[in-house]
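Below you will find one chain, with nothing else, as structure tokens; this is the form predicted alone, and questions on how it binds or moves follow later.
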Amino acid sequence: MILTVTLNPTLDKFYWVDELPLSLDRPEEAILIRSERSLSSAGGKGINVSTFLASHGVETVALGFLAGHTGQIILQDLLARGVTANFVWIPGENRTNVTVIARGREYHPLLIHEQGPPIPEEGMRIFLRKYERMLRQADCVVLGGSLPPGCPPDCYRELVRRAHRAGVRTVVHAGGEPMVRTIPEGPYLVKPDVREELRLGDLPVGTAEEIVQAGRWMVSQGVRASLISHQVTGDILVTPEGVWELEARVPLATFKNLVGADDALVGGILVGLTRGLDLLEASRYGMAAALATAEVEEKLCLSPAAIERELPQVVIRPRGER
């Protein structure tokens, strides 16, 4: 069973528009932007990974915090998608994240993320008890997304430590200081979120060489594999055995929604590993899942057949080879 942890769940809302105004500096009047289409679904990185896994028949349990009416909507959506939920209810209201996608610029969406409700001390104590119990059944834990108010920055590090103490492999799919603090604990896979800042702690990751250096540093600290996005259609994988480039050979014009692609990538890798693939082939399947996801308007492509069709477009090669 794969356990996912989403400490700051969200209700994701997507709006497609013809175009966004070049300037919003019009104080004399309101600006009306009409949406052609909208979608909503339960979200947060761990939740998205669980949704993907469930679509492939992989047993998964989603754990985290829910609050208010929005929390009820998130829960019902998860259950409808076949995900087992084991959340702690807290006061307040779960956040809503909004994505605005302009036609012709699907690869560059406008993201508006709320902060989320604060986590009370008693809520965290209940969560940790649930987490310890679920570790007894888990083969792998995915820690995904941002930390809500009230969670200390070393929260993910403590969760990795407890998982390893129970003999459970960990994947950290998050960004910023909370992710960096997990590195000394040696997670199996780290997939940093670098959307806000192209840095990992003190290390820049704006170029391919910087990504390789950061990946090698993480591996030297005990991380089994580091996977960092490089440009829209490529990632770089660093392991103790070497450095690989993952490339999806498709034009940007085919993309419709990139928001869930990274989560499909992580979910696809885990599906591949559960099928007995080695890390490279599992990463290839994950990249195909990310590609298939980017090419549909829904946040995640949940069709294994569609993902299989994308596999010929994915190339993995040792860095430096062409």
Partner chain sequence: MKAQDLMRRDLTSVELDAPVAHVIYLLHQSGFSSLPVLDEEGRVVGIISERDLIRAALPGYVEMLQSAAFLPSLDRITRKLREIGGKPVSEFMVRDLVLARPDDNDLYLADLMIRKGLKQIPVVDDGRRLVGVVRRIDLLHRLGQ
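Positions refer to the first chain, counted from 1. Everything numeric in this text was worked out from a predicted model, so none of it was measured.
There is another form of the same protein, the form predicted together with the partner chain; it is not shown, and what comes next is about it.
*Asks:* Report the residue, out of 169, 130, 224, 162, that has at least one non-hydrogen atom within 4.5 angstroms of the partner chain in the predicted complex.
*Replies:* None of the others qualify; the residue that does is 130.
*Asks:* Can you pick out, from 115, 231, 76, 207, the residue that has a heavy atom within 4.5 Å of the partner chain in the predicted complex?
*Replies:* Contact check passes for 76.
*Asks:* For the three residues 82, 89 and 126, which mark the spot I'm curious about, does each lie within 4.5 Å of the partner chain in the predicted complex through at least one heavy atom?
*Replies:* Each of the three qualifies.
*Asks:* Residues in which of 136-144, 213-221, 177-185, 198-206 have heavy atoms within 4.5 Å of the partner chain in the predicted complex?
*Replies:* That would be 136-144.
*Asks:* Quick one: does residue 72 come within 4.5 Å of the partner chain in the predicted complex, counting heavy atoms only?
*Replies:* Residue 72: yes, in contact with the partner chain in the predicted complex.
*Asks:* Since the partner is left out here, which residues of 267-289 would have a heavy atom within 4.5 Å of the partner chain in the predicted complex?
*Replies:* The stretch does not touch the partner at all.
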